[in-house]
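Let us start with two forms of the same protein chain, each given on its own as structure tokens and named structure 1 and structure 2.
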Structure 1
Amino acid sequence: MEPFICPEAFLKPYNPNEQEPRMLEAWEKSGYANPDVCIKRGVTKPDAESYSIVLPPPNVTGTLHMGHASMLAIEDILIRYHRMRGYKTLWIPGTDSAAIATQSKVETDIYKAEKKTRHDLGREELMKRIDAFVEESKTTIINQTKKMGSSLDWSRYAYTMDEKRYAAVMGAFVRMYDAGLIYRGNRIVNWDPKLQTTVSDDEIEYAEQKDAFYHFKYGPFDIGTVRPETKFGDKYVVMHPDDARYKEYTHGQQIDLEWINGPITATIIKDEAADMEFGSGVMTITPAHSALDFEIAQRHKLDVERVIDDRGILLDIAGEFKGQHIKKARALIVEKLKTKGLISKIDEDYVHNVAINSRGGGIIEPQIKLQWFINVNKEVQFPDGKRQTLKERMREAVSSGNTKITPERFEKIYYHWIENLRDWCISRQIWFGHRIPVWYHEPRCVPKPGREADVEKSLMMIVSATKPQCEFCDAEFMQDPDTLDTWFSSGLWTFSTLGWPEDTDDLKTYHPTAVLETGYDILFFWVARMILMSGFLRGEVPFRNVYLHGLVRDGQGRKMSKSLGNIIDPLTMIEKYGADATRLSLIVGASPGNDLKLSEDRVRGYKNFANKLWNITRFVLENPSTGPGQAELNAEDAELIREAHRIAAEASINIDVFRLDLAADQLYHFVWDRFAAEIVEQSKLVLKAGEPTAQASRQRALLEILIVSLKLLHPFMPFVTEAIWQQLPKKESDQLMVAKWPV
């Protein structure tokens, strides 16, 4: 046998900065991320089973962080694995407008540069500025996503604000309104005084804050609060009906007492919402500024009076404190209560959670506002003929097994969240986003010729995806100025990206999708919203599986933050150690739903593994086989090959049940500890002093084990494995990404 000259590339250590751009270019040229191309080129059978994932769209305002990197690594592993197994595999890319965050960012930049607000610019000019910012940001996040090796089908790229998604959002709103699910009403909402808009539950973060906790004398009762500035309107005292301490009091009983601005008459309310274990077990309520208090007031038909306006200013009910901002007024109110002898105790440094708008940083102030809502408790007919409420449908999606959640322990949390779900506020007082397709008739009515008698028939409000024209007069219809919650459009993501509301081939083939992979921190918000929207609009679940990954923390287990200076940037890690090392560091040890501790040393270690695989390949190619199946195998070498295939079978099982961490760990140890440390070392003796038939057998075995190893590692480490594949003298496919998975 003539000696094989090892490719020059293997004479030096593996260099990811040199190889990764080449592999990205080769993958893009091949078009194999598009299942239509795979079918056309005979890589995938036309009747193959489909497997699809829709990428949770990163915000156009952001850059790639470790949470994104973890998500991309997991989803790419699943996609590459199923593509190699012959599935009709589709991974759809996209980006999200992140409406509030994007508008807030652009407005802040404009004010810093020009000292102008959105009202100075006007809606049209602000939209132009935002569109320009979005285009630039989209390019950035897309390029960063590609650097992770994500084999997305970019020919199917979607953006939540593009024309097709706009049509889907408008169509969904109209259908849900016609079904009676969408209504306009006055309800308690999350109000951001800073941005002057409602905020979704999904966009609220809770930050720990230290404040004084005040104990007040409210007649014969002791009540506590961190917010004395809201208490002007408190004229109801609530206690649990089973609380034996207050059995002498009856529901509806009235008592006279002295309060902040003088004597008031308070009413006793018995309600199970009162927590007997907290403080005295008694609380006063401020229905206009607390979701819990509002619900109690609704149940008992109590008066609701605002204390604070939209800017955080105290209203007339505050008496002498009227017109003051709540932050400045608090100390003055406390001083007055002290003077009146109404403070019994103050607990300093009381730690509690404060609701903050994650998109703009403003502290949330609950307010009762006239907004648009989705009714989650109204029974409607679904496309499959069932009559259910949205909450019932959301629960059934998981309880029936149509959608499975991994890890399973999150199912109980999901059910609990569904049971406590309130009507969803979907309107926002910002300009960037999908504008609500509701139109209001102008107050004036100028009749058309011959229609004077019909003017009173003019509809004052029309819900329509396009601007309507009055049938009876020449007045204009004006569109509702509010926009839709960005989670409304995100809720349609699995099917709007596949062409809905049109009945496309993609929709028929790839929906429901195979899996929705995301962090456990947004399970109840986004996942539940998608199940809600798909259930009503499609009559099916949006995905068969939900895979929840944990948070990526620093080496000490702390949350990564700028203030701690412990952020690990995935782009920096890719530049220093390569995308393969970065990906593997996010997978090994990251069991479903559990947080992962990540350090730079950990990433560096997996760069060494990529180089180890490179060196194994050099040894195999320096001792060439005539090719798999050419030389006759002896019993020992046949067993070595069978061992590699047993590893393949076990890895497949682990991937199928979303234990990617176990599969990656197993492959790592097989290649490093077994293949490199034992098989290769023992082979050196065989190839040096063995009989020619034994040498040929071992050469064939080494090549076959290498090929199996490359295939198994490819979903986890696509760059180095593809770079090696391209140097093999004989191979079954032009790209490793479409080679057949070992069976």
Structure 2
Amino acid sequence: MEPFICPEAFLKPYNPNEQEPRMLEAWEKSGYANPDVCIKRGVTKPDAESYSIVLPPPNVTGTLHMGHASMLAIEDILIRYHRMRGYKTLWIPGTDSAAIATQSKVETDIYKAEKKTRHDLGREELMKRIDAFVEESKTTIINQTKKMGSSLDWSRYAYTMDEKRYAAVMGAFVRMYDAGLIYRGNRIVNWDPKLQTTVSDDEIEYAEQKDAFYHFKYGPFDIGTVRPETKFGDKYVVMHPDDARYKEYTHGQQIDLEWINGPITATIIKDEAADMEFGSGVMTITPAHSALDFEIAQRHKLDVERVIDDRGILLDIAGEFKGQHIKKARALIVEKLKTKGLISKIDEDYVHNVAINSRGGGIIEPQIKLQWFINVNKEVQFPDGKRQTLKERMREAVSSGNTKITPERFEKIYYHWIENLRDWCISRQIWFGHRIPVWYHEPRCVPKPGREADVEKSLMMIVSATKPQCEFCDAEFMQDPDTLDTWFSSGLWTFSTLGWPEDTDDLKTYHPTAVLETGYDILFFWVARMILMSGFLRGEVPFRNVYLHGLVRDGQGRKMSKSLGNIIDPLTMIEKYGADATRLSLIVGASPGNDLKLSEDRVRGYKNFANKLWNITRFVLENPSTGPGQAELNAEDAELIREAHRIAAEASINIDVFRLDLAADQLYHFVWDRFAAEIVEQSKLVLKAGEPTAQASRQRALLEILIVSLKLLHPFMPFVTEAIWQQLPKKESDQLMVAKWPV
């Protein structure tokens, strides 16, 4: 046999910038990321078990950050591993429209450039601008995603606002409405006066703030507040029924007292919501602008009156303060109360929480609004025959083990969240998003001549995916102006990407998906909602496993942010150290659910490792004694090969239980400390001075250990391993990507 000459391609050192684009091109050309291609080319058996992951879709208008990079690395490892194990493996890419974030970005840009607001442009024009912006910026995130080596099947790419996904959202809404799960109602919601939209409970962040805390004389009582501007309408005074201090007062008793704008009559309410420990134990309530107060008001059927409008302006009830903005009015109101002698005390340094919209920063003002909600406590019929509530369904998905959350401790957090879950407000007043498929017959139906009798039958509101027509008159139905919470469409993601509501082959083959892999910060927003949607619409869980990774932080454990200037850009890292090194730096040391502190040094270290592997290969290929034939293996070399296979078995187990950090670390040490430092070193002696049979045996062993190492490392560092594979004299498959996993 011809001695194998080490290919010239083995320039030293390993240069990722040169190899990576070639590998990307080769992979793309092969189409192996598409399971249909794998089956057609005989790489995957048609009846193989399936393994699928949907990529948590990044914002279309965003750029790749380390959080994405970490997610892509983890998922690609799982995907490549299973593909090599022979599973019918599918990883679906997509992007998210990120309604509020995208709209505010475009609005801001337009305002900067043209000094126009969305109202100046109108809805249609704004949509055009947003679509153009999305179209322009989506290639950025897609190309960046590819650079990580992600073996996504781009032929199945989905966008939350594309035609198919839009249809899925409409279909889902109609089904849920028909089942009585979606209702419209006047309820207290979180209103963002800045963005002029409602926001869900989960999208709210609390920030500590220091404000003055005022004590007022409210008749014989002492009441406290940080928000005097809400107090105009307060005509109920609430105390705990067991509070001995106030036992002389009875529920429903009326008291005349002097208040901000003159004398009023207040009513005593005894309710357990009043905390005896807090302040005087007595409070007045503002049902229109506080969730708790609203509940109390509903319990006792009290009057509810708005004090503040959608823009934060005081209404008629404020009397002389009417028309003023709450921010400015506060000081004036306090001043007036002072002169009336109604203030008993002021604490200047009162620390309390203020609710802000995490998407845009407006301070939340609870308001009562007519909105669309999903009822989480209503018992309904599920496709699998069960009758239960959405809450029960969400709990059962996990408690039954049909969906397993890793790390396990998040299961408790998940249950706890469900306990506290209230009806989900799904309507938003922003323009960019999926429209609510509800149609109003306005004005009232005026039947065509001869159909006057049908006026009673005409419907004023119709829920339908497509625009309805009135049977009795020529009036056009007007669509509900609101859009849906972005998480409504995200909740459908595991199956809308597979073609639902059509009954596609993909859906049958790949749903439920194998794993949903995402950051723990998104457990409630997304994971829980997917379980809800899939449960109701498909009668099955959306995924068998949830794997939650930690967040990527800077070297000091701080969140990466522009303002701190501590962002490590994955693309810069790829350029400097290669995608393989970038991937490994995000995997090793990142135990499940724990945050990872990333520094540039880490990345550099793994570049050296890629180079190490490259050089081991060169040694193996440059030192053929009798050529890499099928020489007889001696006992010692057979044992070396068995050792490599033992490592393979251990690594497989670690990957199976999501301990990618351990698997990667173990492979790293096997290749560096064992293979390079010991086996290769000792082989130098054998190859130089050993018997010819020993030389041949060792040469074969080296090649086999190298091949096993390449395969094992491929999911973790696909580029360098594939680049090496391409140079091997004989190989079992044209690409390492579809080589057989060693067991």
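Numbers given to residues start at 1 and step along the sequence of structure 1. Not measured: the values here are computed from a predicted model. Only the largest set of C-alpha atoms that superpose within 1.5 Å between the two forms is called the rigid core.
Undergrad: Does the form predicted in complex with the RNA correspond to structure 1 or to structure 2?
TA: Answer is structure 2, the other one does not fit.
Undergrad: With one rigid part turning against another between the two structures, at which of Tyr166, Tyr183, Glu471, Val657 does the hinge fall?
TA: Evaluating Tyr166, Tyr183, Glu471, Val657 against the hinge definition gives Tyr183.
Undergrad: If you fit the C-alpha atoms of each rigid part, what angle in whole degrees does the small part swing through between the two structures?
TA: Angle reported for the domain motion between the two structures: 11 degrees.
Undergrad: Once both forms share the same rigid core frame, by what distance in Å has the CA of Ala244 shifted between the two structures?
TA: Its C-alpha position differs by 8.4 Å.
Undergrad: Any chance you could measure the C-alpha shift of Ile313 between the two structures with the core superposed, in Å?
TA: So the C-alpha of Ile313 has moved 2.7 Å between the two structures.
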